[in-house]
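For reference, the chain that follows is the form predicted on its own, supplied as structure tokens.
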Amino acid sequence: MNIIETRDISFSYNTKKVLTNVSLFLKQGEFLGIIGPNGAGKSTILRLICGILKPKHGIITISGHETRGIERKQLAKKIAFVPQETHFALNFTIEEIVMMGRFPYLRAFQRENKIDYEARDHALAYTDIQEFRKRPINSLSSGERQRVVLARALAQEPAILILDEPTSHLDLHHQFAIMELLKKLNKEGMSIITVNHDLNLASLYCERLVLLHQGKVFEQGSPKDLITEKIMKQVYQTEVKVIRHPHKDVPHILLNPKGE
């Protein structure tokens, strides 16, 4: 079953066309990666699916229902979005930020109840940030802040998690920790879409990939189908060597330095 579908989606920022007739899908329980060069429209398609932006043409459905007919709070109970960068104007504590994920379940001026506190505490525990709960957000490292934003998304109790470059600006340890956490969530039944510039991470963790190029779907398929020397040269204009990962039957990219 497809939990998300986009059908012939087109979008422009003023006169600049960003996406043209983009059709893709996410299966129930799938871990989908969206890849492509800078400017291909990857972040834009995520924001369209989440309802942050509205398509100029085309239809987006969640579990068979058009998103334009779903009230914003109801959509937030189905989809949680983790942006590439999150800035906090005020120095909230970690538990205050994670509790913000309960917004879709609260009416105006309604106070949190036991269910909300339990959802917050579960999200804190799942992302292993209980020890930070009383600390202000600006006292944490980039990797720690990324886990806080992910915990806020989990507090929404969504069926679908959408992440834009969840490992950007993170060191090797935190990249691994975030991707392993996402894989754990996926194994427990959560449907996930990530945008990744790191093609090796996408190959390792995503079951299926959608390659965007110049605002269109260039190809969809398994990492083996998409991460090839021919496609990398054609889309990324870069000569690479693609080998088999030593511990998993997926492609792994090696760069060819010039002059060597």
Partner chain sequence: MSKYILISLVFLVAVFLSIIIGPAELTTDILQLRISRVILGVFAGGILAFCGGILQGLFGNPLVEPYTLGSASGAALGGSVGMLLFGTISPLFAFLGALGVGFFVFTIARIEGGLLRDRLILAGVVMSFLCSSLVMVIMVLGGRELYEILYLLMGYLGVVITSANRAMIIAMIVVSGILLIYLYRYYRELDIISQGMETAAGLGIDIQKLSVIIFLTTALLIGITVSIVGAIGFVGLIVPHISKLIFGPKHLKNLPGSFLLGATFLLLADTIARVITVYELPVGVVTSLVGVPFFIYLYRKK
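Here the structure is a predicted model, which means the values were calculated and not measured. Residue numbers count along the first chain shown, from 1.
One more form of this protein exists, namely the form predicted in complex with its partner chain; it is left out here, but the text below deals with it.
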Revision key, fill the gap. In contact with its partner chain in the predicted bound form (heavy atoms, 4.5 Å), from 107-115, 123-131, 139-147, 179-187, is stretch 107-115
Check your understanding: Is there a heavy atom of His87 no more than 4.5 Å from a heavy atom of its partner chain in the predicted bound form?
Key -> yes
Check your understanding: Do Thr167 and its partner chain come within 4.5 Å of each other in the predicted bound form, heavy atoms counted?
Key -> no
Check your understanding: Is Pro158 a contact residue for its partner chain in the predicted bound form, using a 4.5 Å heavy atom cut-off?
Key -> no
Practice item. Examine Asn14 and determine whether its closest non-hydrogen atom to its partner chain in the predicted bound form is within 4.5 angstroms. Key: yes
Check your understanding: Among His197, Tyr205 and Pro223, does every residue place a heavy atom within 4.5 Å of its partner chain in the predicted bound form?
Key -> no
Practice item. Scan 46-61 and note down the residues that get a heavy atom within 4.5 Å of its partner chain in the predicted bound form; none is a fine answer too. Key: Arg47, Ile52
